[in-house]
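Read the single chain below, which is given as structure tokens and is the form predicted on its own.
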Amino acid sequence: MNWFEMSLMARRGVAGGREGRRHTLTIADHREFPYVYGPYAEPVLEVEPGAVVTVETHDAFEGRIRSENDRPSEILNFPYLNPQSGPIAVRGAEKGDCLAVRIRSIRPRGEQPVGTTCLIPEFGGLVATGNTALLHPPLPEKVKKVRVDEDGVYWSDRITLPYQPFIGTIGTSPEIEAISSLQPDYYGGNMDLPDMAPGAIAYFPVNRPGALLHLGDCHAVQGDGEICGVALEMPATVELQVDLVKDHAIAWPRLETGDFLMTIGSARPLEDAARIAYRELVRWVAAETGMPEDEAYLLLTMCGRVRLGNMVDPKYTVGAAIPRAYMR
């Protein structure tokens, strides 16, 4: 039995891990793109559990930064960043369920150089920002355009980085709030977690009928922390398989792969994000293995792992993980 057959999606999903009808959601299918996660946008697509959906996404700048001579401060209009594709409604999804999203592939889309990164005034982990207010002037603006394909990220003549794509911003609608797509929280959002990658299954709480899945902000590669505030942003074509786990309420996003189980917390300060992630992991380990929570707490003290998503957004994101080999 492979790991997917043991996953929560395959064991308890309505579709049981089986593929359903195929759908395509293109850029042209959107009249406008959501810049918030919330219950007020009409779904652009409705699917059954098990559906496989191919989704075209914009980069975080909606393609506005076209050249290394561009100045982000003159082109970008905060808070209109991180356009999301969707929302996608899943039939039968109700509050208290869990939405399972299997990430099957992420491919770069568009003309080369398809990757964009930049320095934006008062944005990043090592500069003054609106939340960390200081008197010194911002760093000079800088834009770098990078050729990307599925064989590599061609940073310079000397450096080729691996192509390690992931979805930077993905999640379900909050119950009542409309929250900027630049922010992560209990529903997912702008987590910038590199493990949200092909081969993983992500789980999100369902807070509204239909779940209302949003996604965008794909990255070709990113280091832990997304330290300057911008990864290698790219427009992408993403293939997803969605399912529902009925009557399986979770408080925060979760993720599983063939190697580990992970829970995800977002908060500020950073240690509170880690606490949320580890608390949720203690509860997941206890529920899956039958061990008491205090035993799971002790076990994670010995073998837990932490992954830093972003440390630059309004809230920071941390993933806490346990190797699958210990889930017995």
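What you are looking at is a predicted structure, and each value in this text was computed from that prediction instead of being measured. One-based numbering along the sequence shown.
Below, we refer to the form predicted in complex with another copy of the chain, which is not included among the displayed structures.
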query: Contact residue in the model of the complex, chosen from 46, 271, 42, 32 - any heavy atom within 4.5 Å of another copy of the chain; finding: 271
query: Residue 305 within 4.5 Å of another copy of the chain in the model of the complex, heavy atoms; finding: yes
query: 4.5 angstroms heavy atom contact with another copy of the chain in the model of the complex for residue 132; finding: yes
query: Partner contact for residue 326 in the model of the complex: another copy of the chain, 4.5 angstroms, heavy atom; finding: yes
query: 4.5 Å heavy atom contact, residue 76 and another copy of the chain in the model of the complex; finding: no
query: Heavy atom contact within 4.5 Å of another copy of the chain in the model of the complex, the stretch among 161-169, 242-250, 209-217, 107-115; finding: 161-169
query: Partner contacts in the model of the complex for 82-100 (non-hydrogen atom within 4.5 angstroms of another copy of the chain); finding: 95
